[in-house]
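Let's start with one chain on its own, the form predicted on its own, as structure tokens.
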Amino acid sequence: MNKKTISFPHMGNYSIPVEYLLKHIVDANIMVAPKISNRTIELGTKYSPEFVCTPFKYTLGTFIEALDLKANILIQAGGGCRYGYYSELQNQILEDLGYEFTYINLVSKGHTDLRKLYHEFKKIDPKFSILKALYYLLITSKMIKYMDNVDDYIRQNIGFEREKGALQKENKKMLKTFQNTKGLFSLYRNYKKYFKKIKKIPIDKPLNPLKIGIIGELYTLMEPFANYDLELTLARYGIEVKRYTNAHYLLFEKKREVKKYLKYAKEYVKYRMGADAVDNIGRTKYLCTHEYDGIIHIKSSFCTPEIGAMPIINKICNKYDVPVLFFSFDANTSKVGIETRLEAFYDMIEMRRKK
């Protein structure tokens, strides 16, 4: 019998902690799926329902590529919106295509069934240990926190580095050490070592740079291929970027923070709207009242919660006279069109600042 081979979708650099965790808790081959490419999108679009959102198509295409490379266990983490129900549909599509595999969804209908997951991993590896899994889960959670801390710093400063690409170069070195982490101390030591190096990279940043807050649907925010490297494009204009959504927020802070956002923006929203809609309404108010020059809202096409939030976001921005730019991404989005709109948006906020 062939050894079990596990694969999972991409989302930014988070394949690194996911691979690390799985590698240490189950006796199986861990396959990092091929990077998202045009072929991934073509496959996902070909076999997806026409009006399904882009994350569904991207992850389905990734699964097909992984299965073609002989993966036989797929792990999905669909979460807090209708995406949480997509695992059943993706499973059915892949079975209809003739693939034989085991499908594990970590989050179903917004909840994680730990008992069910325990039995699933026990099937993969009869020697699966809860204590061992908890230990490496702790290391992985710290790894995600450190990655997000460094990313936040880079996001705010990458547009002002003297040597272009220096920040990302050191970050890649840090991530490589994370892949070979021996334990908590080793992880912390490498994090401090490389974050110190990153902070020493020369930055020519004005005292009051143009600042833009990016909000929107989580997958499109966190997967650079899905948003056509929007943050790097903004950096070329010398803009400080603020982005709230990352893996640490989603895993450890969101449940608590949503309640705060509901209270903070109670004049605009009283009930949860699904996914990140309430978060983004609260963030819009905060950005508008803390001297940000503009807001960019991004989402995948047909993302229902964000469609519901957009009129409210627009209303808040009109009240505080803060420009807002909306992007909706799908498989046919033109990168040239995105860059043209971003250039026009930059020109506008720069002229407003001068006035």
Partner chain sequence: MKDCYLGIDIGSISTKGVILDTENNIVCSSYLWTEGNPIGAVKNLLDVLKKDLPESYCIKGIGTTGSARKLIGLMVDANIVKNEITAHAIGTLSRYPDTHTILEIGGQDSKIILLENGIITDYSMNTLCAAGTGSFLSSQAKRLGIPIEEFGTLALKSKTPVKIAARCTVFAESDLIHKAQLGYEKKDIVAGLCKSIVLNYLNNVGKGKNIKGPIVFQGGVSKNRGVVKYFEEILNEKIIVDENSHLMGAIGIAILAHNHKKDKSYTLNIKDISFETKGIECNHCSNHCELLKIYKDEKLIDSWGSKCGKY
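Everything numeric in this text was worked out from a predicted model, so none of it was measured. Numbering follows the first chain given and starts at 1.
The protein also exists as the form predicted in complex with the partner chain; that form is not presented, and the subsequent description refers to it.
- For the residues Met31, Leu67, Val52, Leu325, the 4.5 Å heavy atom test against the partner chain in the model of the complex is passed only by Leu325.
- Stretch-level contact analysis of 33-41, 282-290, 303-311, 52-60 against the partner chain in the model of the complex, using heavy atoms and a 4.5 Å limit, identifies 33-41.
- Contact check for His24: every heavy atom lies farther than 4.5 Å from the partner chain in the model of the complex.
- A residue is said to contact a partner when one of its heavy atoms sits within 4.5 Å of a partner heavy atom; Tyr20 fails this definition for the partner chain in the model of the complex, lying far away.
- Among residues of the shown chain, Lys355 is one whose heavy atoms approach the partner chain to within 4.5 Å in the model of the complex.
- Looking at Phe345, you'd find a heavy atom of it within 4.5 angstroms of the partner chain in the model of the complex.
- The putative spot formed by Gln92, Leu106 and Tyr249 is not touched by the partner chain in the model of the complex; no residue has a non-hydrogen atom within 4.5 angstroms of it.
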